[in-house]
Each structure stands twice: as C-alpha cells, then as structure tokens.
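Take a look at this one chain, the form predicted on its own, written out in structure tokens.
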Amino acid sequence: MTKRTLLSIFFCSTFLALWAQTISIATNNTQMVLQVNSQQRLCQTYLGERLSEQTNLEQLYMPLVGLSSSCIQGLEVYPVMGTEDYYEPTFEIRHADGNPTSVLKYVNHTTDGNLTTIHLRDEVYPVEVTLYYKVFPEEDIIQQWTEITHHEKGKVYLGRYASSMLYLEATNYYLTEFTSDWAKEMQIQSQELKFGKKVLDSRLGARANFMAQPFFEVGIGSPVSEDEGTVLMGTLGWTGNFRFTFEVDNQRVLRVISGINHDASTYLLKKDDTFRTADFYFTLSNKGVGEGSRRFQRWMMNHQLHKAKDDRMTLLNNWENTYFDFDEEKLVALFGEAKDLGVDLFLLDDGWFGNKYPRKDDRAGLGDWQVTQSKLPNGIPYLVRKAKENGVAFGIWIEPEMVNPKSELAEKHPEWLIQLPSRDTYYFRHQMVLDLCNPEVQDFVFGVVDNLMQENPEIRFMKWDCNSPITNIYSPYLKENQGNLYVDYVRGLYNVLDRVKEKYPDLYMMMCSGGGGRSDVRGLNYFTEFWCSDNTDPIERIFIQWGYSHFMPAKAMCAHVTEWNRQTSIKFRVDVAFQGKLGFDIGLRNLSDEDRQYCRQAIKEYNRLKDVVWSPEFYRLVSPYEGQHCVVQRVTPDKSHSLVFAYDINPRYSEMLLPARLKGLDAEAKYRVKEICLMPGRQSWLSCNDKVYTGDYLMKVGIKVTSYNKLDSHIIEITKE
C-alpha cells in the first residue's frame, strides 16, 4: 500500500468522523440536535419534542442536491455575514486587514453534565467562536451564549454577535410581542409572520425596556394559545439593548436570532480578549403558553431570581404620602402607621439628599448622595433607629447611575457624564447618565451603596431606580471606541452589582426603572424583585401583571396599593396587589376605619399564604383581553393548596357568566372552597363558598367566581381536605 493511499484513507476516515458528529442537547421534554456536515460546518437538524432513545439521530441528516458547502437548507447554527447564507447572520467580523468575514468550522465539543460546549474556528484567520448550551432538564429551559476570541495584530471589529440562532419549520408562524411605554408596560399584541423579517429591539442603553420588553412567544403552526399548540417562548438575559429577529425564508423556515442589539454597537475587540454575548433562554412547549409560563417561573425560582428561597417583606412607601415634601417628623409618623398597618418595612423614596442643590423636585441634586440637613438634621441613622423602635425595617431609594446637571457631582466631574462634545445636550427628565464604562464611575456608583451600608448596616432594602435612557451618546472614557459604549455600560453595571452582591448578600433590592424599564432575567440575578410599572391603577395592573406572568414569578413582581383610580374600592386594589409582592404606597390617614381594618387583615392573610401566592404553578383561567373579567389561579407544587383571584372589571348587562374551570389540582382529592379577605362584617355571596368538591369536579365543571358587579373582586382559598 502506497504512502498516498495511506494518507487518503487517513483523511477520508477523519472526514467521515467529523461528518458523523451528532450533538444532542435535551431537557426532559425538548431536544435540539446539531450535526457536522461534509464541509465541517455545524448545522441544526432538529428542534422539537424529545425523541426516544431508540431514534437514530443521524437519520435527521438529509443532504439536499446543490448545497455542497452550506448546511441543510442553510440551517447553520452560527451563520456569518458574507458567505453563502442569504439571510440575517448571527456573526459579522472585520479583520485587521479589512476582510469582512470568517468561515467557522467545527473543531470539537464536550459535554459536562448539563453543559455542552462546541468549539468552532476560522481556518484562515486566528478567530475562535465557542457555543454554549446549558440545559435545565426539570424546568425544560435551554440557555445559550457565545464567546468570541481573536489573536490578530491590529484592530478587529465585531459588527454582529448574536447569542443564538434557532430554526423552526411549519406552515404558519404567529408572533406575540409585549410592547411598552411609561404606565403601559407589557401590552400584548399578536401578528402572523409572513415572508421577510420582523424585528423586536431596544436601543435606549439604560432603561432599555421602556418601549419594548425582552420577551417573545411564537406559535408554531397555529396562533399562540393558553393550553394547546406548540409555542416557542424566549427572553434575553441582558440589562441593555436587545434584538430579536424573526425571518421567514423562501423555504418557509423560521429563523429566530436573539442577542444584544448590534445597532450603533460595532465592537472593537482587543487581541486575546473574549467577547461574551448575553444569555438567551427559551422553552418549546407543546401545551401552549400556560405550560411555558410555568416552566419559566419554576426556572426563575429554582435558578435565577436573587434570594428566591428567602422571604419577602411587605412595605409602606412614603412617595404618594409625601412626594418630596417631608421631614423627620413626617417620616417618624409614617413609621407608626407602618407598624399599625402590619407591614415589615418602611421605604424612604426620592428626595432625601443634596445640600448645595437640595432635592426638592427632579431638577436638581441627583448625584449628591449626602443627606439634606434641612430636612433630616439627624441623618439616616436616626431614621433607621426610629423605624426599628416602631418594629419595622428601613429601606431607601437611590438612583446611582444618574445625575442632574444641577449638582455638585456634575460640576466636579463633567468627564464622568455621557455627553456629546461640542453639541447641545438633550436632557431626559432633567438628568443625564453617568459613564459606567469608566472604572472610576463604577467605584462611585458602588460607593453610593457602600457608604450608606457602612453608615447604616441595618438597612435591609434599597430601591435602585434608573429613570433615563442614554442620551447624548458619547463616552469620554472610551474616546475612539464609541461602538463599545452600549455593551460596556451594561458590563460596568454588572461589575458594580457583583460587588454589591458579594459584600452585602443579605441586602434586598428592587430593580426599578421609571416603571418597568428594566425587567430582564439577568437583572433579577442581582435584585430580589422589580417594579412592574408606575401605573398602579388596579384595572391597568390586572393587564400588566397578566403580561408579566408569562415569564416572571409573582415573588419578583412588586405590586403596591396606592391612590390611583379612587373609583375602585380599597378591597379591589388590595386584591389585585395580593397577586404579587405586596406593598402599600397610600395615605393611611385618608382611609376609613373599615378600610384600614381590611388592609390589616389582608396583610395577615397574605403572610399566611405567601407560599401559595408565590408558587410558580400558575394558571390563567379567564383573560381580561377577551372580556370584562379576569381569573387566575396559583397551586402549590404538591397540589394541596390553591388560590383563585377573580376580578370583575366592567361586566355587561345580563351577560352569560360561565364557571371557571380550575387547573392543576389532584382529580381524586377533595377540596374545601372558601372565600377569604372579605370586608369587615361582610359574608360571601358565592354559591360555592365553604363547600367541598373533588378536584375532578373543580377542573371539569368549575365554580362561578365572577359577577355582574363592576369593580368587584374575590380571593378564594382551595384547601385539600
């Protein structure tokens, strides 16, 4: 046998070994299959329900005539700009010599427990791309991210750097998106996806979710439904600009690209540095968005939400009581009201800082984190002590990423402000954004928390606000690398939050951003909860909480009782807020004795039932989008305990009221049904009240929990006998 023949056999065997590489990534119910093709390119050959162990995964590879160099129907896992794929790419690079592309070929892969790592490399340029797939089997969630490294001399720029590309095949696709605005967060809209592209994105930098939320749902083959059909649900773990691209190609294949928005963010990557993309999380449910929601809520509670297993404190906030107009006497009086109400925590909101420029409105003082002596002559330690004497913990509001131009900070450190040189400055809410790309600014922002905690180690809670997008988009620190600003800003924020989390692990923090301008799952790895919306009108909150429930657990969703919409009763307002992480921001002295008594009793019931309220086993029974009623249900994982929340918004005259069929119960068990949280001296008029039914009856026949009464509400406890 000749030397040439031996070499041919070696190369052929190596080639066939690479071609035969099949990579399976699977949860309990979902499976993705990847395969290396004849050109050593990595392709997706399957995404769907988990296949049986007997299935030959290599049979999924069905090469098509004429596609000699690309993947099956072009289904490359990480397609690059400038090669043979005609559609939106995941990756774009400009090499130091000006060449605008790379061809990524499979090198090897490893699987370590639930993490699969796949290495790709350009054979011409020293560029390496590593794909990561982490599975959460029980929750049926798959996490994806990418790392990009180069070893070139000279400047290399990344134009695109997606976290994930998914392919799905069906006759039709239906997208559900969650649009947003101040006081109108998580508004649900749906449309059919036709040939071409649909993009959901944000480019606001900070307060990034102001006008679009980083969540999506795609019905595969049929419109998104609560309990039926196949639906892809996804979100990006990134507290900044995001981009989801949905593209239906000429073969009617749907391509879904998820990642950081590359718009205005061409990134200069230094030699030997690694660019890590944001994390993309998805589930593929074959039982509608209801099952998908429960998967995401379980995953958040088990793996992502900060201090998820710990308790949460009910609170009283001073904002709607006082706004900026308060002093020590007013605050101490509110501590007494908090104790009387029965909450765990008092939260001091905006307006406590600034001396040269006292914070009397939102036009000055932001950035000067010294106590206003004229308001609070004894400082924060006095307030912490007086709160403790009244039996409540103390929390405080901060907005450390922001600055008013009228502040000592802006005067001393203009180089710390994101602002265009030689241009008029645009102010959003009379403020600007600090340049978190700059390590000195990161130290300052961390110092806002650190100084407060050093002086007041008994502070239990901070409300971290972020009221402005990034405007005047120029970083004095980055100088010529302005394309890095949006990405490095978020990384700078994470550097600060990592330091806070490490040094103060027992500190609870609310993620707030002019309402729901920050609501991403990565942020909630640092924060214990988030502020869903500045809109606390209970009617609007029904819709807002309905939207967030598609991805977020109740334990993370701050829900406060306020003065918004006084046409609603205190019971209705409390009953809506009861669904989430309960708080009060209301003038208690303006309430009647009966209303105050109801609030006290509701807080006691809430504390008794927290485990049920915060259970991830959540069911949306009657949609407010489809009529004038809303009914939702929580069930404990062991099916022993459940709560049903029913709201009548504006019922039509003599409309048909159907029973609500419950879900998630034990069909063989018996349950007692009892309405709770009744107004003092009132009796339940529900015909099902204090009766016992089988779980089978409750799920198949149901119980009537809605009424003809405008702005009526009921909380029903279901207890296994």
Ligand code: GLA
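The first residue of the sequence shown is number 1, and the count goes up from there. Note that this is a predicted model, so its numbers are computed, not measured.
What comes next is about the form predicted together with the ligand, which does not appear here.
- Mapping the unseen interface onto this chain, Phe584 falls outside it, with no heavy atom inside 4.5 Å of the ligand in the predicted bound form.
- In the predicted bound form, the ligand sits within 4.5 Å of a heavy atom of Gly514.
- Though the partner is left out of this view, Trp614 does not reach within 4.5 Å of the ligand in the predicted bound form, counting heavy atoms only.
- Using a 4.5 angstroms threshold between heavy atoms, Lys463 counts as touching the ligand in the predicted bound form.
- Stretch 345-353 is the contacting one of 278-286, 478-486, 345-353, 250-258, since its residues have non-hydrogen atoms within 4.5 Å of the ligand in the predicted bound form.
- Only one of His119, Lys307, Arg429, Arg385 lies close to the ligand in the predicted bound form, with a heavy atom inside 4.5 Å, and it is Arg429.
- The listed set Trp531, Phe551, Phe244, Phe91 contains one residue whose heavy atoms approach the ligand in the predicted bound form to within 4.5 Å, identified as Trp531.
- Scanning 28-45 for heavy atoms within 4.5 Å of the ligand in the predicted bound form gives no residues at all.
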